[in-house]
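We give structure tokens for two forms of one protein chain below, kept apart as structure 1 and structure 2.
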Structure 1
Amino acid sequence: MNIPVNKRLLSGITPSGDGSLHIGNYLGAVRQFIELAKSNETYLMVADLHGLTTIQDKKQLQQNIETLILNELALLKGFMTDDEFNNIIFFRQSDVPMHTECQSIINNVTPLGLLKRAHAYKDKLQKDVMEDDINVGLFSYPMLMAADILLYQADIVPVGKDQKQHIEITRDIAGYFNKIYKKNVFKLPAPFIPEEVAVVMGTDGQRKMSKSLGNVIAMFESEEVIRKQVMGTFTDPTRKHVTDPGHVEGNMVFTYLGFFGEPSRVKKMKELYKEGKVSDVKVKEYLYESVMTYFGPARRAYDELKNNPALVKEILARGQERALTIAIQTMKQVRDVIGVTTQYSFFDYQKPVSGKTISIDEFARVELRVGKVQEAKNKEGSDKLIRLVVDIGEENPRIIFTGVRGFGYTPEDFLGKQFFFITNLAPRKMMNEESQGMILAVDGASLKPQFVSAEGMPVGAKIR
């Protein structure tokens, strides 16, 4: 997969079905998304408002949303380092009200004919559903999706081939808006369609893996449930006895082992299967072991998150705050260019304060000191980290990491210069070393951090 780097990426997941994910979801989308997220500024939202087009039962929607959040976070934490995970802006669509405001505004530049050509709407009509029975939410789905994307000025949107039309519609809407108001407010996003996306057949070997068809292998169900799903997987119907030569082509157990098994062992097992020297049960037992091993870290993360709802809320609050920063910037431009901002305007966006306020005494315990960067180099094995060796007036210099390579920073931007550092943070393990503090930064354009110079100040001086 040819992975773009240093782009702004947005993706959303709708809490459809029961909200749970299976190995088909992982192989077909999540796995590729994780690789993309490691080298791009990544916004990942739970598209709960989109779920309203098909789910209109309060308890079901609540359960689906909570299930999806736990599933998605567990996969991210299971297959990413802490640093990689913390760089993802993970949030709920409904926690950022600018999505629906943006949709309401772009409604007025979107031609009706454009929406009538949308696949979701046409598919409903082709299934003999009367037009009067199609809710407006489904009809306007492409506009809410366009608002989702345009709000964050995304460069790329990873989608399957069946979703490419939505990105084309989004580009058309952005183009209409920019042309009408004679200003390039919205960036035109590009679809990113990985060439090597696995289309995963279900355990029945006949249809695409789908929860509604009951032909899935779960990742976060109990061991008993997953074992039963694996043991029910389609193998070779022509094989009547263990000693009969078996076929591995079209055999779903071997298809899945190609993703989750140890290659040399899978190769040997294929040979034995073709020779009639290993049973279906043995092969399925190995598939079960492989799935449980492969998703072991994600399953442990799932248990941790499920037993700690406060941690989940903290992750979502952090994501919401970061998402709001961009959403507010975009909507201020939109309001200004369309003309609703006038001399009589008094409305202003207020970002909610995440967490509690702190007292003066608590703030006084934050130690800020002037530090001079003696050494700076990219951290081997990381696409984001720069390793700084900083003199803050102590006997020994400190090692402090900053994850800003994705914003275009290089070691030369820091070497030999003085900045402000927070020096009384608990050490944090990053790669194979501990970071002993944090460089102070302020928000810059498009969220690019700006580092405040401390040139001319005495090294080690405390900021009071």
Structure 2
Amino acid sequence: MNIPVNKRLLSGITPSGDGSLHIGNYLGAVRQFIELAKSNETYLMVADLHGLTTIQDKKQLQQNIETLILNELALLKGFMTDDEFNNIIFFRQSDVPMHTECQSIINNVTPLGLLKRAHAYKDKLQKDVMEDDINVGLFSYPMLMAADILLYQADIVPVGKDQKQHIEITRDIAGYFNKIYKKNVFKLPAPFIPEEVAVVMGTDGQRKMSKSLGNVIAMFESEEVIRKQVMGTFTDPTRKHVTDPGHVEGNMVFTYLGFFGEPSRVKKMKELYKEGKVSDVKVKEYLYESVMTYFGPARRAYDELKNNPALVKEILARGQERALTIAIQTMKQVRDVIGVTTQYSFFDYQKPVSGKTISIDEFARVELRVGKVQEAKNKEGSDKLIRLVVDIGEENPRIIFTGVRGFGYTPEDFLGKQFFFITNLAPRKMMNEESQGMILAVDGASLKPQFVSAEGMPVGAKIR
């Protein structure tokens, strides 16, 4: 299969089941993300709103979302260089509100019949659920997925075969919209599905690997769990004794070894297996070892990420910011084309405050003044706080606390000196007194705060 270059690519994963990924997700999707991201602009989304079709318990959803974020990031970080990883736009669907707005608009160009033919809905009907009991979210799931893809004007959507129909539906919807509004607003995306991993079969050898069927091999579970999953893998039912010649075709252990084993060793093992010279247990042991070795870097990345929530948040904030830029561009065009923009319009998309970024207007609201410390004392009953009485050029001085005794600061470090203070904060109770502002500090070596001197400046002067 040809690897595309210089295209825009989007894909998503739903935090269903318990939110964890299995080797089917890896081979069917994430492995392609990693390969394609090297030469394409890549948007990867945690499709948390999609999870609502089945998960309607707050705690479980929260946990699933976090698990999925860590699983996916660990795979990306485990198998990519930092530079490659930093090119990926990794974000959460619910951090970009335009997904649901877009869905709501494209609903109106989509015939009901298109959705009635969707597999996910039809499969559900064939199970034990009555049509009237299927939630509308599940029925309109392909609409949200179409919105996910169309918002970013994606050229390519790498997915497993089970998602192919959703991309065809997305193309249809884009076509209807462009035709109705006589403008090529939406790009028609193409699926990217390598044949050899289009459907990764489960350890039962019968059905697609899927968390809900319990036929998975996980990547971030404990060694015991993964060993158990591997040991339970379907081999050759015709083989009763170790000495019987075995079959390797359709034998899931060899299928997986084809991806994770060392090729020459796998070849040798296949020969021995066909001659009845190696036991099922031995080949499974080798599969277990291979899986653990293969995913070793990702498992290490998982532990690092789990211990560093600030980093995970930063990655998501950066992703949100970049995703919003494109989503806003598309929705501006959509709003314009459908006719909600009129001479009375004033609405404009503002990038919501994302992670660390605030707008210039917001920053301008911060009032920073030069203050002179008139009094400085350790706060009684606290081992952190120093109580400052500060002249900031107002009629009365302010009481401002700083919690830095733990860093070795004493009142003498402040007394009689001038610093910068933030003076328009809502007062905050500290112990039994209100702090009426905050002293400006800079992180120093090993995060010890350093205070910015304002010596020689006019007391009360505002800083801009």
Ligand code: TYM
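Throughout, residue numbering runs from 1 along the sequence of structure 1. We call the rigid core the largest set of C-alpha positions that still match within 1.5 Å between the two forms. Everything quoted here is computed from the prediction, not taken from an experiment.
- Here the chain appears twice, and structure 2 is the form predicted together with this ligand.
- Superposed on the core, the two forms differ at residue 368: its CA moves 2 Å or more between the two structures.
- Relative to the superposed core, residue 253 shifts its CA atom by 2 Å or more between the two structures.
- With the core held fixed between the two structures, residue 116 has its Cα displaced by under 2 Å.
- Look at residue 262: with the core superposed, its C-alpha moves 3.7 Å between the two structures.
- Core-based alignment between the two structures gives a C-alpha movement of 4.6 Å at residue 208.
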